[in-house]
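Take a look at this one chain, the form predicted alone, written out in structure tokens.
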């Protein structure tokens, strides 16, 4: 058993800083590079890509990234774990194998974890008793399953552990929990058991801190962000983990950013519901037991975490087509920019109503005034506002109504308030609106598949 391991975050989402993984493997010592690419909407995008091309359906920048980091990882014995396999981890693995072959790097063992994609087996699972009702509203799945774009089970850390035990240098998964990517190396290296709830919860908390990349090292920081140095080469977080469950969050010294109790605390609060019950497939972590202490420059220790047994369910993330939408903008200039924009909105809504168009929702934002904070935006002297962007969005099951909305927006340039410019948008796209359907499924009904890709 190792006395410690260093697990480095390389991506916080699909589209994150491309140089971050390169920095992590070249600017200091690490044992594992973990990269989180998936969000709920990402799965529907990847499924659409696979429907068009059976070889696609994964984060396509992974092979390009492997060209930059694979040699360093192999030479320094750095293992890579990523859920960027999306809905097609096998194709992603094959693309990475090709990169290794093209670079002349031998002996790279790649494992995939799949079985999470249940889109084609929904009816069979329903026959076996999987209700799959919406876990937030209770609605039955029969209302929407014919419109599903994607359906994926959130697996946890243990299938990745299985892959590591098979000798994998790279593990590419489908829909694995963000936290599981970081927890898995700890289970594998330290021999933690499936019922070591406190230890599993400690690793889960570490995974939660790493999952959003630089958001734990000064990115998007609400505190004294102006004092943070070298955003240009911001260091992503590293979890220095110990067999006893203590974790040190740090970063490479040569990179920018900041690790302190405040930056780590902000990330700990990110996307948290009930802090006493942070539910994952591996355990239920109690975030109210977390202790943080600054132990040095850019070093925060996490300890004392308690956990509870895992539930008998996996969460299922589904997406489905839910109509059409369109967004259009107009920009009004001083003087009285906000007054003009508000009047234009009233005129537009009046015209849409007279036409008898059907919308599930019409939403207006005045960018430069209340687009971020809505009704919480403080009142301001309109003479202080130089310009306002009027942004109107509509959503409807009726495509013709959405199309007509776009045709009604542009005429405001000559048939509404003065001093207007910057018209854009207004046209719908097929299957434009993607809605989210969360559900639960008994773990006994779904089995992760772990295999080595030759």
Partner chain sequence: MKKIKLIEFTHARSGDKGDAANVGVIAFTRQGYTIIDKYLTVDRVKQYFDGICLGDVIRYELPNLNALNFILNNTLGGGGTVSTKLDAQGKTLASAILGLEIEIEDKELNLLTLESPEHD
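Since the model is a prediction, treat every value here as computed from it, not as a measurement. Positions refer to the first chain, counted from 1.
Omitted from view is the form predicted in complex with its partner chain, to which the following refers.
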The unique member of 271, 124, 102, 253 whose heavy atoms fall within 4.5 Å of its partner chain in the model of the complex: 271
query: Quick one: of 391, 404, 50, 27, which gets a non-hydrogen atom within 4.5 angstroms of its partner chain in the model of the complex?
result: 391
message: Just to confirm the contact call: exactly one of 254 to 262, 114 to 122, 347 to 355, 178 to 186 touches its partner chain in the model of the complex at a 4.5 Å heavy atom cutoff, so which is it?
response: 254 to 262
message: Just checking whether residue 373 would be counted as a contact of its partner chain in the model of the complex - the rule being heavy atoms within 4.5 angstroms.
response: yes
- prompt: Does any heavy atom of residue 284 come within 4.5 Å of a heavy atom of its partner chain in the model of the complex?
  reply: no
- request: Evaluate residue 76 for contact with its partner chain in the model of the complex, applying a 4.5 angstroms cut-off between non-hydrogen atoms, and reply yes or no.
  value: no
- prompt: Any chance residue 339 has a heavy atom within 4.5 Å of its partner chain in the model of the complex?
  reply: no
- request: Would you mind checking 187 to 212 for residues with a heavy atom within 4.5 Å of its partner chain in the model of the complex?
  value: none
